[in-house]
Ligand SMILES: NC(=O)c1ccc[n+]([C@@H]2O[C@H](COP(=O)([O-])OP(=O)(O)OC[C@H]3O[C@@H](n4cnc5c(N)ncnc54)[C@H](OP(=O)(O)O)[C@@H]3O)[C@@H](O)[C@H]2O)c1
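Okay, so here's just one chain, in structure tokens, the form predicted on its own.
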């Protein structure tokens, strides 16, 4: 890459995260969007708009976008961002292995714990780096993407990142480099356990998390996950003002006390919804297997069960077939009943 040339960044996956990152990076790099017909055709017609919770916004006309359907478009990239759903990782890894130039770094900005390992297995000649997007992105209309919560990108520390860090910073997407990305990914997964609950509630994230019944559903899922992490020797990093081990107890608090102690957790744009909610609304398969399902699989490897998260997986699978909206108290009771009898709270007479 020439000292004065704009870096070429290929974004494989034009869902909410990929589209938003690409739009922000567009004026600071030569961005190539690689995606499916449905999304690429929309961007060719409408261009792409972005906005964030601080009031920043922008629009890029369709003629200014480099939009591709073929993974061969990544052949000249200096950096590749993988933003596809976890279920597509293995296929994308095989495609990139055939086209990406040697030593080009690849960042996985995906949910779940195992995408980086899959990419590394197929791309041994490349620095494949784990990344984490802490904020929520909602597709407001056909080609408009809105960042609804705060936080900075995190990527596994590696010398190959150095030329790109200023580019992301100039785009308003500063990257924090980390040496503990497995712990960061575990912490993000802990927070993402709410995706399924939010989808079942059919409420904006801020409304859902403002109501105790819904928070207690999340607390059940998180307590279970923390037990599984402990058995597996995983210590989640601290990504919020509260340590991960305290999150379930704080979520259990009455509404007024929760808002007083953890008000920053509600600093979410009123438009924000989970990606699982958006997938259900659009009739697309969800990533529940890479989120709640990850806890279920990790538990099985430790000789344990994770019935709360298993139940959430089953409920989302049912919702993929037939959309159902739950009430908070109803879901809480269902999740409590999914646990073994000896783990359920005793009734107070």
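Every value quoted in this text rests on a predicted model; they were computed, and no experiment measured them. Positions refer to the first chain, counted from 1.
From this point on, the text means the form predicted together with the named molecule, which you will not see here.
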Within 4.5 Å of the named molecule in the predicted bound form, heavy atoms considered, which of 230, 88, 257, 99?
-> 88
Among 198, 83, 222, 116, just one has a heavy atom within 4.5 Å of the named molecule in the predicted bound form, namely 83
Partner contact for residue 301 in the predicted bound form: the named molecule, 4.5 angstroms, heavy atom = no
Are any of the heavy atoms in residue 181 no more than 4.5 Å from a heavy atom of the named molecule in the predicted bound form?
-> no
Partner contact for residue 144 in the predicted bound form: the named molecule, 4.5 angstroms, heavy atom = no
Distance check, residue 209 to the named molecule in the predicted bound form, heavy atom within 4.5 Å | no
Heavy atom distance at most 4.5 Å to the named molecule in the predicted bound form, all of 194, 236 and 294 = no
Name the stretch, out of 90 to 98, 239 to 247, 259 to 267, 73 to 81, where some heavy atom lies within 4.5 Å of the named molecule in the predicted bound form.
-> 90 to 98
Which of the residues spanning 118 to 144 lie within 4.5 Å of the named molecule in the predicted bound form, based on heavy atoms?
-> 133, 135, 136, 137
